[in-house]
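Okay, here we've got a single chain as structure tokens, the form predicted on its own, with questions on binding and movement later.
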């Protein structure tokens, strides 16, 4: 089994429709796929139908944004009921925060750097269910204001830059609660990417477990072997199930295709095994 449990469509900051995404996933040999758009489940019905047509397994999912001591976190909700009222209410609140943050970023860019992007950001918010800073980075690239997405974050959108705006996301416990109320498995996404110390990461995982977290991503597309080994040890130490996912967004990024990540050690319980019980 190849289980890619972290994939994005154009309903958040991916570039493919859910159907096209699942067709690509199947072509890459993935046998179990989860659609995990940021703070929206709108693409799940289309993705589920496509996977059924292709004969591969589908897991309805979402990537929920949360905050922890000033750090933005992402928690995957896997195996959720996409019709859950509690989950929909929580995600709607988070999307409102997303919209407000992007509009504030536009105001800051115009005020500090005279970049006239406000109308374009308002259009992003109208046309995208869950707009992200990646959408804005692509906009800056398209206008010739950044060489690429990384440059847009480094020069305009990252912490300390003219367009950076902090966000007060819902606390970690509320994200986990919304996922569990929807019948899902809360899985901490890409722990190695958070810019926190090793001690803070241990404290984060301990708190995540205490509020009902059940798993963590251990094998993620593009990660180093050192990060893989470190997350493997942390999953063991905290008794968390391990998840695998590419965090795929864009077929134009060839080094990160669906289904490509390290194989989990046999002693770790795979989140996929829980989802298939």
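Positions refer to the first chain, counted from 1. Here the structure is a predicted model, which means the values were calculated and not measured.
Not pictured, yet referred to below: the form predicted together with adenosine monophosphate (AMP).
Chemist: Does residue 94 make contact with adenosine monophosphate (AMP) in the model of the complex, using a 4.5 Å heavy atom cut-off?
Modeler: Result no; residue 94 lies far from adenosine monophosphate (AMP) in the model of the complex.
Chemist: So in the model of the complex, does residue 149 come within 4.5 Å of adenosine monophosphate (AMP), heavy atom to heavy atom?
Modeler: Flag for residue 149 set to yes.
Chemist: Hey, in the model of the complex, is residue 98 touching adenosine monophosphate (AMP), heavy atoms inside 4.5 Å?
Modeler: Residue 98: contacts adenosine monophosphate (AMP) in the model of the complex.
Chemist: Can you tell me whether residue 205 touches adenosine monophosphate (AMP)? I mean in the model of the complex, with a 4.5 angstroms heavy atom cut-off.
Modeler: Result no; residue 205 lies far from adenosine monophosphate (AMP) in the model of the complex.
Chemist: For the three residues 38, 134 and 153, which mark the spot I'm curious about, does each lie within 4.5 Å of adenosine monophosphate (AMP) in the model of the complex through at least one heavy atom?
Modeler: Heavy-atom distance to adenosine monophosphate (AMP) in the model of the complex: all three under 4.5 Å.
Chemist: Could you check which residue among 181, 122, 173, 72 gets a heavy atom within 4.5 Å of adenosine monophosphate (AMP) in the model of the complex?
Modeler: So the residue touching adenosine monophosphate (AMP) in the model of the complex, by this definition, is 72.
Chemist: Within 4.5 Å, heavy atoms only, one stretch in 181-189, 125-133, 77-85, 107-115 touches adenosine monophosphate (AMP) in the model of the complex. Which?
Modeler: Comparing against adenosine monophosphate (AMP) in the model of the complex, the contact stretch is 125-133.
Chemist: With the partner left out here, which residues of 223-260 have a non-hydrogen atom within 4.5 Å of adenosine monophosphate (AMP) in the model of the complex?
Modeler: Contacts from 223-260: just 249.
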